[in-house]
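We begin with a single chain expressed as structure tokens, specifically the form predicted alone.
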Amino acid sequence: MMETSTTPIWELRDIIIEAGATDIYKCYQCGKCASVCPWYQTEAVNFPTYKFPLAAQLGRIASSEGKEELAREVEEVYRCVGCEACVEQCPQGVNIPNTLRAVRRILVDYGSYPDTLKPVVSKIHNVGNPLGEPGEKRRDWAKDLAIPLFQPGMEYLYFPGCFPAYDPRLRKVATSTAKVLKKAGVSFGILGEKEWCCGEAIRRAGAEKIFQEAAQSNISAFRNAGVKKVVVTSPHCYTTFKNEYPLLGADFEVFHITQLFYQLIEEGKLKPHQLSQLPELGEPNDSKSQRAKDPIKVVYHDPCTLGRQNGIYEEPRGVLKNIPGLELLEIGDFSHQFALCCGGGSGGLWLDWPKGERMADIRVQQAIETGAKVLAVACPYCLQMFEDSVKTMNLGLKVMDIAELLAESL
């Protein structure tokens, strides 16, 4: 994975620290991070995360001169999905994902990063989204909903994110969100083609220059439109807008959609009705009356970026608990801050891990074991990763965003 027994490369160490690995000397190799890393749950992967700070101290990460050996080291650097479970549990608060992101920045500058990520970076640079879709089509998801472009005086800008704007499956999340907001009488609009990708994924993949382009494009668009409050579907947009954009000059409030949904329910502006059945659950030939009596068992998955990294645990659950006819379950020892990552963060969404190395497979199996019929999510990445696993594993589990469930209840 990395060399630690050869001569230190001090120049590379200094470059890694300058790129963001500022706390590597706090690590005292206790190994607690390895036990909470989601790779620990897979039998096929040995990923000793605690070795990275030491390797960075020696300047011995992705430093091999041989082509094949360097490729293996780069693969290990990009194995981290940025879930920050290690940061949550580290007694010294060492941020290993930041160390690896620093190394990734260096690799991207030299073009030595995974080929599957290069088109993603290029598409965001060229057209503002990772799918390579034309900017003028970014508003198409809303064309049948009569959603206006944002105007000064509107309370919220709704920023659906790239996948809910373009991907056919995830568009259903954006349309459900808009329908709920309209039902509650919320004053909101969208920016359409003026939006760019938030840039979170490519920043964590190491493409810092392209992230800066995306961030400045959005900051300018928001400022020119007079945006004061932004509500987002993706936790990745949330954490970037809230925690990183202010350092680049942004000045607006950010809310994840589950926070706003919960607020609207508490204020009485949303009143969910009985949720008696859901389409495509594949239930046996029970009578409709029986289905109406039995609650739909739903288990909620905490997205790493929303929960562990931003402390938003209760609002999503609060929304689900307020939907009559729904029974909310938990995944035992793997919920809240201990939730297992879907594997989609920090570029993982675009990396093709072989069978036996897919965190999402483990997570959907955990969900199935609760007896749930529906796995509820609050993140487009999680929805995509879990639906892929459900299909490949041929499981009888429906994956739905909270916005979709709430829309069904209204």
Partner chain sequence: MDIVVCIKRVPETAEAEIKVDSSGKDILKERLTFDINESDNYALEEAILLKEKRGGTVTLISVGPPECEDTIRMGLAKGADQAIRVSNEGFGELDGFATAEILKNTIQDLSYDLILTGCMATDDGYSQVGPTLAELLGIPHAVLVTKVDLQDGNARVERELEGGLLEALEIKLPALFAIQTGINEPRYASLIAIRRAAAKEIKVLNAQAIGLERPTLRTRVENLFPPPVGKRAEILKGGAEETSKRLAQIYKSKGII
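Residue numbers count along the first chain shown, from 1. On a predicted model such as this, the values are computed, not experimentally measured, just so you know. Only the largest set of C-alpha atoms that superpose within 1.5 Å between the two forms is called the rigid core.
This protein has a second form, the form predicted together with its partner chain, left out of what is shown; the following refers to that one.
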- prompt: Would Ser112 sit within 4.5 Å of its partner chain in the predicted bound form, counting heavy atoms only?
  reply: yes
- prompt: Any chance Glu65 has a heavy atom within 4.5 Å of its partner chain in the predicted bound form?
  reply: yes
- prompt: Is Leu248 one of the residues lying within 4.5 Å of its partner chain in the predicted bound form, judged by heavy atom distances?
  reply: no
- prompt: Though only this chain appears here, would Ala201 touch its partner chain in the predicted bound form if you measure heavy atom gaps against 4.5 Å?
  reply: no
- prompt: Within 4.5 Å of its partner chain in the predicted bound form, do Lys242, Ile296 and Ala407 each have at least one heavy atom?
  reply: no
message: Under a 4.5 angstroms heavy atom criterion, identify the one residue in Trp196, Tyr158, Phe222, Tyr262 near its partner chain in the predicted bound form.
response: Trp196
- line: The listed residue (Ala205, Val319, Val103, Cys83) that reaches within 4.5 Å of its partner chain in the predicted bound form by any heavy atom is Val103
Partner-facing stretch of 227-235, 308-316, 83-91, 120-128, counted where any non-hydrogen atom is within 4.5 angstroms of its partner chain in the predicted bound form: 120-128
task: Just give me the residues of 7-41, first to last, that have a heavy atom within 4.5 Å of its partner chain in the predicted bound form.
output: Ile9, Glu11, Leu12, Ile15, Ile16
message: Using the rigid core as the reference frame, would you say Pro354 shifts its C-alpha by 2 Å or more between this form and the one not shown?
response: no
